[in-house]
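The data below hold one chain only, encoded as structure tokens and taken in the form predicted on its own.
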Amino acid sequence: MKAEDLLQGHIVSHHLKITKERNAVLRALIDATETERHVTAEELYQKMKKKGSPIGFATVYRTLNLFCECKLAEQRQFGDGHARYELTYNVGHHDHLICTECHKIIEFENLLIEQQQDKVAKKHHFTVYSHKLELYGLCSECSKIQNKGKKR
């Protein structure tokens, strides 16, 4: 099933309208996340505006929330005060490293971490439906800058 089909199924099942604006926001989100993976509603709106789209910010914002409802996307908070949207359709589970200085977001997968989480859940007779692992610190570039400042 394609992302467009998933969205249309959700819209129809909730008696909403399929609109060209919703499809345009979906295409823009797919395009944006190919390079950036995590975009704010404002960033997506600006990208669409640059390409000549007449769609307003409120429509982009509401549509992104609709995508979250139908599990096409997920809203994430990475500690910088901005809600970011990540396309989750056809994307495998991954976790994040977040630089607290430059706000770079690095995605990673680690089977050992996943196995350890499963062991902990099993030990506590806990059923896990989902999880989010976010590690905050400094990326290599920001660490180098910080270390240069300390040597002076």
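Just count from 1 along the sequence shown to find any residue number. Please read all numbers here as calculations on a predicted model, not as lab measurements.
There is another form of the same protein, the form predicted in complex with a further copy of the same chain; it is not shown, and what comes next is about it.
Asker: Are Ile98, Glu134 and Leu138 jointly within 4.5 Å of a further copy of the same chain in the predicted bound form, each by at least one heavy atom?
Answerer: Yes, all three are in contact.
Asker: Pick from 22-30, 56-64, 35-43, 115-123: which stretch has a heavy atom within 4.5 Å of a further copy of the same chain in the predicted bound form?
Answerer: The contacting stretch is 115-123.
Asker: Consider Ser13 of the chain shown here, and say whether it contacts a further copy of the same chain in the predicted bound form, taking contact as heavy atoms within 4.5 Å.
Answerer: Ser13: no contact with a further copy of the same chain in the predicted bound form.
Asker: Mark Cys68 yes when one of its heavy atoms lies within 4.5 Å of a heavy atom of a further copy of the same chain in the predicted bound form, and no otherwise.
Answerer: It does not: once a further copy of the same chain is placed as it appears in the predicted bound form, Cys68 has no heavy atom within 4.5 Å of it.
Asker: Does a further copy of the same chain get within 4.5 angstroms of any non-hydrogen atom of Ile106 in the predicted bound form?
Answerer: Taking the distances in the predicted bound form, the answer for Ile106 is yes, it comes within 4.5 Å of a further copy of the same chain.
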